[in-house]
Structures are given as C-alpha cells and as structure tokens.
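Consider the single chain below, provided in structure tokens and representing the form predicted on its own.
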C-alpha cells in the first residue's frame, strides 16, 4: 500500500530519483579524483544556473541562513550602511544578520503584509543614504511576495550600492538573471528549486562583491563563513585540484552536481516558463475555490510559492485533512497573519499532475472543514489553465 505523502511545502521539496541515488551512494573521500571532478563541475554549472558567467560560486555545508550570513560577514564592515528591502519575515532576518556584523540598517518596508515597497520609495532612500549594500528578498517565503529584483538592482547600480539578493525561494524557479540585471551577490539553499536535500548554502558573488571583499579593512567577523578561507578551496576544486578548509558535504555535492545537470538539460528559459505555467494553474484553482492570497496583486506574486488565505469559517485544522488526502502543505509563517493562511510550494521537479493532486487534496480538506463550494471547481480551473498553455 502506498503511504508516502506528496510534499508541497516551500522546501524541502520533492527530489528526483537520480538525486536521491547520488545521496545514497557510498561516501567517497573529499579528495578522491572523481569527487574533485564532480565538485568542479558543480561550481561551473552554478554559474550557468545563476546566469552569472563572471561570478565566483561558493558551496558550503549549511542552510540558507548560512548563505545570508556569508554575504553579510564578507561584505559588511562595522559602520557600513545597509538598506533592506523588506517584504516579510526574511527581510527582518537579513537586517538582524547585517546588524550582527556592525552595519547600520535602514528598512524600506512594505506598506502592508503582502505588499512590497514602491521603487520610488526605495530610490528616495538610496538618494539620501550612501549605502554600501542593499538586500532584496526575491521571494519572501513568509508572504509569497516576489520583489521586482530587476528594477531594484538597476537602482542599486545607479546609486553605486552593492545589490545582494536572497534567492533562497527563487533561484532555479523564479526568473533571475544575475549578471544581466546587475546583481552583485545572489544566494540560495539546496532544498528549494535547486532540488537537493537540505544542507548546502550556495552563493555566487559577482566581480563588484569580490572587489568589496578584497578591499575591506577589518577582518571578517565569522571564522566559518570567511571567504579568505573558502575562496582558495573553490578555486582549487574548479581547477580540479584537492583543497581543504572544512570537510565538504560529499554526498550532497554529488547530488548537487546531478541536479544542476538536470536543470541545465531542461534549460533555464524552459524552466522559468514551466514554473510560471504551473503557478498560474494553481493560483487559478485558489481563486475558483473562493480563496484570496497574501500578495496584494498578481504582479507581486511568486511563481514558486502560493499563500492562500483560509476561507471564512475555516482554520489551520483543515491542513490535517489535506494530509489525509495525501498531500503535505505548510501553515502560515508571518507573525501578523500566521493563523489566517497557509502556503504551498510548487518548485523544482513539480509537475502538472502534482498541481492537480494538490488541488484535489485541498478540495477534500475544505470539504472536511465544512466549507461549501462546488466540488471540482478548483480542479476544473487548474486543468483549464494547464490546457490553455
């Protein structure tokens, strides 16, 4: 009897059999020739996935929070000014991290939960700030709000400010063109759209970010995150030579190289388009079932994630019924609205059949919670959207 549930949370996500096989293979030495080749190839492939040919990738054992910490530790010196474009919980977190390394932080906050700061408001802050860097959460996992990274990055360049993008819930799913858009550093974690189990912090630093690191006067305030130690390691593995600072997560790196190969086989343009198509179908189902969403408008809504509000009379107990129907979705995260909504991740290897299965399970959960709706309304809307494309 099949008892495995479909995992449709904002990460960890579902993984391909090939990735899972790589995770389960016998662990090699971190200086074995075949591992050195796999690690070097993964670094090269990261540039292609981030669309940043001139970038320097870093792959370090840790979570997305470590990737954020690496960005702050290596780019911030005590007294630097930082602007945080804040669209939710993870904007707050980035601000906390920056302050830990001595930055003076200013927030460009959204006017309401589910919204994003207007470009003109961010520009007004940049005009009067002389900021060293600006951070942007591409998709805030707490709100499903997608920031206008392209427009914000252009402003950062205009005002000579380093642009740092938290792409934990976006890279390899949401359209992001690091080099073309002028993003100086982008980061993510393995368990999201990259499609590898949790445990790898992934950073790609562009030339301006590396220059800022090399020109810093104060030592890096973190021992583990210091690029002084990690940069020679990354350069060595890419040159197909062994190196050591901390033991790499060997099996995760084998799996990463497999997944990056699969992503590039699909192609970045096709991957962006697939994520948009599946997101549109799921959001059509949400609307057909009479549920609103946390993002205030379609142009602020992520393609890797949907955050529907519970309908009137329904609460988070509905999620247990969704699980009974074979699908796991996530509860709310943003403190201001935590009990009012839930979250569905649809990124990585997610397929049209996964979307339909999830909509069907949500319909079951709503029915069990006593919500009145036309059975099949969500499924019909999702299928119609899929067939239009």
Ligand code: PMP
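Please read these numbers as outputs of a predicted model, since none were measured by experiment. Positions refer to the first chain, counted from 1.
The form predicted in complex with the ligand exists for this protein as well; it is not shown, and the discussion that follows is about that form.
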Practice item. Have a look at 189, 209, 307, 152 for me and say which one sits with a heavy atom within 4.5 Å of the ligand in the predicted bound form. Key: 189
Practice item. Name the residue from 202, 139, 183, 196 that puts a heavy atom within 4.5 Å of the ligand in the predicted bound form. Key: 139
**Study point:** Contact of residue 255 with the ligand in the predicted bound form (heavy atom, 4.5 Å)
**Key:** no
Review point. Residue 68 near the ligand in the predicted bound form, any heavy atom under 4.5 Å?
Key: yes
Exercise for review: State yes or no: in the predicted bound form, is some non-hydrogen atom of residue 90 no more than 4.5 angstroms from a non-hydrogen atom of the ligand?
Suggested key: yes
Exercise for review: Could you confirm whether residue 63 comes within 4.5 Å of the ligand in the predicted bound form, counting heavy atoms only?
Suggested key: yes
Practice item. Please name which of the stretches 172-180, 111-119, 275-283, 131-139 has residues with heavy atoms lying within 4.5 Å of the ligand in the predicted bound form. Key: 131-139
Practice item. Using the arrangement in the predicted bound form, list in sequence order the residues of 161-177 with any heavy atom within 4.5 angstroms of the ligand. Key: 166, 168, 169
